[in-house]
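Here you'll find one protein chain in two forms, each presented separately as structure tokens under the names structure 1 and structure 2.
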Structure 1
Amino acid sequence: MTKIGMMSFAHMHACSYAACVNQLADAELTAIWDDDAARGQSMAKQYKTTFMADMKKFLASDIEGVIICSENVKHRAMTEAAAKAGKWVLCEKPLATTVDDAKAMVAACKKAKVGLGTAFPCRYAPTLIELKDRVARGELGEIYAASTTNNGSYPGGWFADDALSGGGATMDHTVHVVDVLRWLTGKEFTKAYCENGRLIHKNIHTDDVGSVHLEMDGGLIVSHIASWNRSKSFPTWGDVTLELIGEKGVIEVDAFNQKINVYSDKQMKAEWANWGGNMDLGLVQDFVAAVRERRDPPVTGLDGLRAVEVTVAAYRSVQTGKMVRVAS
């Protein structure tokens, strides 16, 4: 039985990951640590595990891997502490808010000889797995361009506090698509241009829409919209869509459109129940296997670093008003 601990429930994805650990026959959610004790105790009760208020004692326990779902700026400190304690790490995206922090996290885990994974569950969406297979079979030939979106509902709280999040919707919703395109094409991003701002939610102090224009190796052009434009009543948190334009044709994918419409009197709004696969479960299952087999998770810390490099370049472009090179 592989023993997993959760570090922080600040990010809403933590609940899904905790539930996924509890679904696995070969894993146990052994303990929760959270710097918000009331939240940690509540989550421990909900997921039938133990809350530990002392992080040092939590990391000194017999857990073998941790899933970090804190505010973005806290990822580095928690990852370094976990690595020093010899624990495998799965960190929520973005891996960090700066390139230096992301590099430090990768280096700390390498030095400690523990695996570091980045939470990019889109790689486990059935629709995107099918798309990758088609691209690998050469159905599109050379890919010339991509048009993508990641639109979601405004998550509130610390997500709109740049001191904790590192940025708004551009930070929150660009990294997923960057990772998917790297995974699909095997190419790296080279340039970024971005215009963003607060266009929808007038009472926040960060960007809620980002229009991002990117280049990849070989001149592949990418147009991307990242936003918090979905209403509170929207059935799900958002979307990931891609249109790939290649020499042999075009493929359009709505990654989360495998769904059933649910009308819930409990929630008092429509909901989407996805079918055909659980991408969070796939992510967590692969992380648990990596912990057990003492290897790197399939979606690595380096993958997380590459996505951070693109996002940081996008914000640098906003500041300069120019297309900038993606540092690596």
Structure 2
Amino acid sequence: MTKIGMMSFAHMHACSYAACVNQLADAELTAIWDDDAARGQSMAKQYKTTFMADMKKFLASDIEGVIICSENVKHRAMTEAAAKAGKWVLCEKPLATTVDDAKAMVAACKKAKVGLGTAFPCRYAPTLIELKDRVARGELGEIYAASTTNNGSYPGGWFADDALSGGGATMDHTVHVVDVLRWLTGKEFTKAYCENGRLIHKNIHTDDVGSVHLEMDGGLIVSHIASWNRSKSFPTWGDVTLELIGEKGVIEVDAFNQKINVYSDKQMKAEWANWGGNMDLGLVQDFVAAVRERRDPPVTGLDGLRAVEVTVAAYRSVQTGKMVRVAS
């Protein structure tokens, strides 16, 4: 039985990961630590585990791997502490808000000889696995262009506080698709241009839409929308979409478009109920396997770092008004 602990439930994805750990026959959710004690206690109750208020005691326990779902800027400190204590780490995306932090996290885990994974569950979405297979089979031939979106509804709270999040929608919703494109093509990003701003929501102080233009090795052009532009009335939380233009054809993917339309008078809002696979389960399962076998998770810290480099370049482009190089 692999012992997993969770550090912070600031990011709502923690709930899904905790439920996934509880579903696995070969893993147990041993304890939760959270710097917000009230939240930690209530989550421990919900997921039938122990809350530990002291991070030192938590890390000194026999937990083998931790899943970190704190505010973005706290990822580094928690990862470093966990690595130092010899724990395997799965960190929520974005891995960090600066390239320096992401590099330090990769280095700390390497030094401590523990595995570091970045939570990019899209790699476990059946639709995107199918896409990956088709691309690998050469259905598109060379890929020339991609137009993508990761739209979402407004998450509120610390997500809109740059001091804790490192940035708004561009920070939150660029990395998933960046990682998917790296995974699909095996290419790295070379250049970034971004227009963003607070365009939708009143009374918030960060960007809620980013229009990001990117280039990958060999001149593959990418247009990506990272947003919190889905209204409360929209029937679902958001999307991940990709249109890939290749030498031999085109593939259009709406990754979570496996839905039934629900019209409930109790809700007075049309809703899309998803019946697709739970991609988080594959992510957590693979992390647990990596912990047990004392190896790196399949989606590594380096993958997280590469995605951070693209996001950071996008924000640098906003500041300079130019297309900038993606540092690596």
Partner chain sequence: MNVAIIGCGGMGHMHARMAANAGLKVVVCGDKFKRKADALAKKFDAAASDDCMEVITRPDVDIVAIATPTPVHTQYVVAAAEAGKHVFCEKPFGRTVHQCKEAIAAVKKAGVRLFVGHVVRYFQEFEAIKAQVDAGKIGRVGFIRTYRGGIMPEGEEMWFRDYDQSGGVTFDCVIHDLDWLRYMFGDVDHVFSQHLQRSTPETMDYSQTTLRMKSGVIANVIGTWAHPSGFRVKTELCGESGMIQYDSAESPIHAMSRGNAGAGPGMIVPSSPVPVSPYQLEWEDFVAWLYEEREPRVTAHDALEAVRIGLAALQSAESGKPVFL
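All residue numbers here refer to structure 1's sequence, counted from 1. Whichever C-alpha set is largest while still superposing within 1.5 Å between the two forms counts as the rigid core. Since the structure is predicted, the reported quantities are computational estimates derived from the model, not experimental observations.
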{"property": "Assignment: the form predicted together with the partner chain", "result": "2"}
{"property": "Rigid core superposition, Lys232 Cα moves 2 angstroms or more between structures 1 and 2", "result": "yes"}
{"property": "Per-residue C-alpha change between structures 1 and 2, Asn274, threshold 2 Å, rigid core fit", "result": "yes"}
